[in-house]
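This document opens with one chain alone, in structure tokens, the form predicted alone.
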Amino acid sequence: MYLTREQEKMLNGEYGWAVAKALELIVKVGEYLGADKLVPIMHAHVSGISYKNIGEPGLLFIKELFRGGGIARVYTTINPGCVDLMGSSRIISNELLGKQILVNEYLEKMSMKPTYTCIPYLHRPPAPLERLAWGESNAVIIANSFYGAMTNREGGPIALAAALTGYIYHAGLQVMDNRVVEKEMVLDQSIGEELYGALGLWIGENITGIPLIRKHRLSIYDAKIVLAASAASGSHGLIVLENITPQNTYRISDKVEKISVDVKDLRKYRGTPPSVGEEVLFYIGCPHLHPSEFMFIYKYLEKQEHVNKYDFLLTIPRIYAEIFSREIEVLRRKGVDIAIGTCPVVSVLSKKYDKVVTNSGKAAFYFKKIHGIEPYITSLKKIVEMIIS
């Protein structure tokens, strides 16, 4: 691998122990992947910071980088941890609060933005062809597919190393020749909001390579549901969306396989509605709610008396505690459980449930895999209607 003079200095320790170790990690992974060089990045997003997932080894790794002089050299955002940062959730357990706060403090002392969200594009939308080093699979696929940026699906340690060095390896989706559409998907027009989560799961499980979705315009809200689910059940980092993905950020192969997707293909991925007697959690916020989604829910519920007939959980970015403080308080008084800077995928639940009703295919995938809870997928609007019915 070719290294510039500055990169050689980093690797040799002239910028400190933490930078040397971080660049060593990037170089080794890059060489394994066949990278010819390193490229500078504009934004790192560090995932893998939940103490529930990384435990003591992860905490020690972050601590050593901090003590070794690690400081973010580029704009760096942080993924959700495993606790509700406001400490008021009845559903997300705060039993690991002390350890998670230690993780957070070390990252923040390394000049990383205390965003604690899986939608970093909320804070800084990337530009087409801008190089990133993002962890968090749903953020990665949105960055590539919706904004036309260039990032691989980086693991937490690699994204952290990229933040401390400002570089990432030139391989995978950082290389234009690897951003080639090989399959064209035509969706039945009857596939709508209630099936988008199931559609994403189907794509992740059944489609390899980079597909193009034809003749089905998706909003940013719809796109994040479809894309997040496909990245959870599969390995996708880029799905080209017709009339959305910037055209100069990919190319189409001369030989493209055409695939039709019908409603019947998605049925088994949706699950079954809750039955009488089941303990049910209604959940929206995976990925974290966009401001418009949050306000839609607020407007729908603000005139309702109470919604605590069911457990209803929303998970949102930390910044909403400031910009939506009044709305959050109103919803909490009505019985809505709101957890800030976390999500059930990376946390411990305080209660046991038989079923989760969600609009998110990603949440459905991980609730079953991690918590053993059977999912049912429907639309955001339908969930809100079910809560007040």
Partner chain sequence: MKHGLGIKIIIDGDCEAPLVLLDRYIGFFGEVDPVKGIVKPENIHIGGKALVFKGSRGSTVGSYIIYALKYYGHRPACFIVKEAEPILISGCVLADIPLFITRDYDYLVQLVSSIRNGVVRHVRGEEYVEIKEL
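Computed from a predicted model, the values in this text were never measured in an experiment. Residue numbers count along the first chain shown, from 1.
From this point on, the text means the form predicted together with the partner chain, which you will not see here.
Heavy atoms within 4.5 Å of the partner chain in the predicted bound form belong, among the stretches 348 to 356, 24 to 32, 37 to 45, 327 to 335, to residues of 24 to 32. With the partner removed from view, the residue among Pro291, Gly155, Gly192, Pro246 that has a non-hydrogen atom within 4.5 Å of the partner chain in the predicted bound form turns out to be Gly155. Though the partner is left out of this view, Ala162 does not reach within 4.5 Å of the partner chain in the predicted bound form, counting heavy atoms only. Taking non-hydrogen atoms only, Gly58 approaches the partner chain to within 4.5 angstroms in the predicted bound form. Contacts to the partner chain in the predicted bound form (heavy atom within 4.5 Å) from stretch 305 to 328: none.
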